[in-house]
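This document opens with one chain alone, in structure tokens, the form predicted on its own.
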Amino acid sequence: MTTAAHRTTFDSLNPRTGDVVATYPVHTADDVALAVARAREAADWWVEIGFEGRKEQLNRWKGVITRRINQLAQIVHDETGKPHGDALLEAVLGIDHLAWAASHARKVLGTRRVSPGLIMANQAATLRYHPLGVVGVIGPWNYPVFTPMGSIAYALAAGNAVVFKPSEYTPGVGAWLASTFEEAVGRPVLQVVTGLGPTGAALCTSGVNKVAFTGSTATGKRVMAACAETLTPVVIEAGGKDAFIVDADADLDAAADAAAWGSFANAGQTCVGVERIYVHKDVYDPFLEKLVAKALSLTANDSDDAQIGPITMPSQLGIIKRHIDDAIARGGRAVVGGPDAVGERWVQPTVLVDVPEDSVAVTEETFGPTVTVARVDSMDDAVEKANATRYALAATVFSKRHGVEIADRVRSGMAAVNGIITFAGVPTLPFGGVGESGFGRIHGPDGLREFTYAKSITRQRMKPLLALTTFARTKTAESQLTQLMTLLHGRGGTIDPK
């Protein structure tokens, strides 16, 4: 970090080379407050133009992003180190979610009439969803387009203004998104603030109406604590230790291919990636053989055709090494990779077997291209082990006959059956976890409603048959009410007096 004449700055570094990609300002608490104030003024216009107006504006922004998608992918590649193709795929998913949110906001959030029920039949009842105002989004570095767009796009479509604080490892992606939005819309409805931890903390206490955070569980707890001071609501998408279950009847070729992608893609830096695999004993050996072959075919390096990039955050290298070392010290074996797989920037795919279930390689989030593989006697055993974690973000099941049944038993916010991370690409499905993986939802109708508050309105259409909410209420009305309730609800089961 360097000090300029009037402002402190920091550098965005290319994790492949260590070279400076660009330099960005460290926005102070005052800067954040000004951004939120500008956003609040812009939010008034954003609400006034309504669903169709916002749809038009967001589609204009979508067009700009799509026409320049390779430019965006290049920035993602430069700042995260991930292969250009993976960066392109991430941008595509972000665009698809933006399109869905813009086109479905009216249907999900528009005013609708609801039944008032028999007792309140004289009332017309309506439900509306109002935007919160200004939403603060704190984004991660591992998927710097797709993940924050799941909050940004849905918050904007719901009628909110957004102040976005990207990760200090990927500030250029956030700046690019804000710049293209300004070009397309011309109003500060979406703004970006860059900086380190204190900038994010300032956003939490800036008076925004909600904070959407994606990152580690530990940081998520600090965000919650900061927001609690002002009762600012939060949606938290935190860490994961996701399980991959292989049943005896699974397509083993497809399962091994999916397990390799889920474990090693993006150098394992995926919150919904695969970190633990549980395989039925009848197919354990052939599955492991296929997975090992897949892992051995992959190499993390700096070549143009490499399918695995570097570890974006240098401090993660020590965690990955510690997890591998602990697994081996506890009796585990590395059938691919191992301690020597961890280099200065790159980590080679590592497959660990015979690892005790209380090893940190099984219990803690590794966030690297490593995976443990364990043999189980039954799917009951697999589900029990999959659920023996404080995390509960996502899961994967490969089974020809019982996949959905098994997936439903795993405690997680999302699950994919005979596919890998497929739920993330379906805009209509909510995305989020439970337990220490967070709470609240982005994506889909739930994601739109996450950035609103429900407003219930009743309007009297005619005088009530029974005047109950008045001091002039009569004994006759109370008797009639009792008779009506008995007629409507008195036929339930009776309790044996014995």
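The first residue of the sequence shown is number 1, and the count goes up from there. Because the structure is a prediction, the values reported are computed rather than measured.
There is another form of this protein, the form predicted in complex with a small molecule, and it is not shown here; the text below is about that form.
By the 4.5 Å heavy atom rule, the three marked residues D86, W261 and V347 all fail to count as contacting the small molecule in the model of the complex.
A residue is said to contact a partner when one of its heavy atoms sits within 4.5 Å of a partner heavy atom; S103 fails this definition for the small molecule in the model of the complex, lying far away.
Using a 4.5 Å cutoff between non-hydrogen atoms, F287 does not count as a contact of the small molecule in the model of the complex. Interface membership of Q307, defined by any non-hydrogen atom within 4.5 Å of the small molecule in the model of the complex, is ruled out.
When contacts are judged by a 4.5 Å heavy atom cut-off, K165 counts as touching the small molecule in the model of the complex. A single residue from the set G136, G150, G139, P369 has any heavy atom within 4.5 angstroms of the small molecule in the model of the complex; that residue is G139. Exactly one listed residue, out of A382, A265, L352, C271, brings a non-hydrogen atom to within 4.5 Å of the small molecule in the model of the complex: C271. Heavy atoms within 4.5 Å of the small molecule in the model of the complex belong, among the stretches 417 to 425, 189 to 197, 90 to 98, 326 to 334, to residues of 189 to 197.
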